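Take a look at this one chain, the form predicted alone, written out in structure tokens.
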């Protein structure tokens, strides 16, 4: 099967390598020449343009930085995509963009599925990502053999745009939990409870989360801070949650305070830093975790 990936950095490149190892013919396009060179060294074919890629494959995976880029790429290649093809957008995009691209697909004879992923570059390279899917059920079913290679778990959450809405909600909780678990640890340590012991207790109880079970042991308590996901990317996702709340007229009073910490009160932590470093910030501006 011939599959194309547009946006072949950490996430897209990881997916391409997994599919290549499973015996599929992979074609990639990325504006960064070094990224393409590395993939070609692994046996992935490089396309000269996104349009060339679209004309040559039946399945297209998008792994792009934001909704505006997804829309721009889709507008560029819409007329090049072959009839009956399926576009799988694994970017963290916006529901309205997915819905608009689905309509574009209907007009040009292809399907557009939103399938944002969780797990970061390590999961992309291991084929263990989680994917939230929205869109036409028959197209999702057709993608299943590919999804089984690049993911460990898939969840169909609704129609077009639902995958991205669910991913925004998921990342909103992750951003909040990083702040709240850090505060819980500060509270525990001030009361004489060591961080490791507190986390063991939390993870045995109702306060546990992916952040307390994974992020803190793997990237925080050991000072590794090398998850592969940046502060800048999570700040973008926090902004997406606020934008979605505004467009749907949903009040988020609790999250609004946490969002302000990410966007405005932690500027001493650079966008290029690991996103788990938000735990170093407290309301006095001190590094304390």
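No experiment lies behind these values; they were computed from the predicted model shown. Numbering follows the first chain given and starts at 1.
One more form of this protein exists, namely the form predicted together with nicotinamide-adenine-dinucleotide; it is left out here, but the text below deals with it.
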{"item": "nicotinamide-adenine-dinucleotide contact at residue 111 in the predicted bound form, heavy atom, 4.5 Å", "value": "no"}
{"item": "Contact flag, residue 43 vs nicotinamide-adenine-dinucleotide in the predicted bound form, heavy atom cut 4.5 Å", "value": "no"}
{"item": "nicotinamide-adenine-dinucleotide contact in the predicted bound form: residue 73, any heavy atom under 4.5 Å", "value": "yes"}
{"item": "Partner proximity in the predicted bound form: residue 92 to nicotinamide-adenine-dinucleotide, non-hydrogen atom cutoff 4.5 Å", "value": "yes"}
{"item": "Proximity to nicotinamide-adenine-dinucleotide in the predicted bound form (heavy atom, within 4.5 Å), stretch among 259-267, 52-60, 242-250, 226-234", "value": "226-234"}
{"item": "Contact residue in the predicted bound form, chosen from 159, 127, 121, 78 - any heavy atom within 4.5 Å of nicotinamide-adenine-dinucleotide", "value": "121"}
{"item": "Residues of stretch 6-29 in contact with nicotinamide-adenine-dinucleotide in the predicted bound form (4.5 Å, non-hydrogen atom)", "value": "6, 7, 8, 9, 10, 11, 12, 29"}
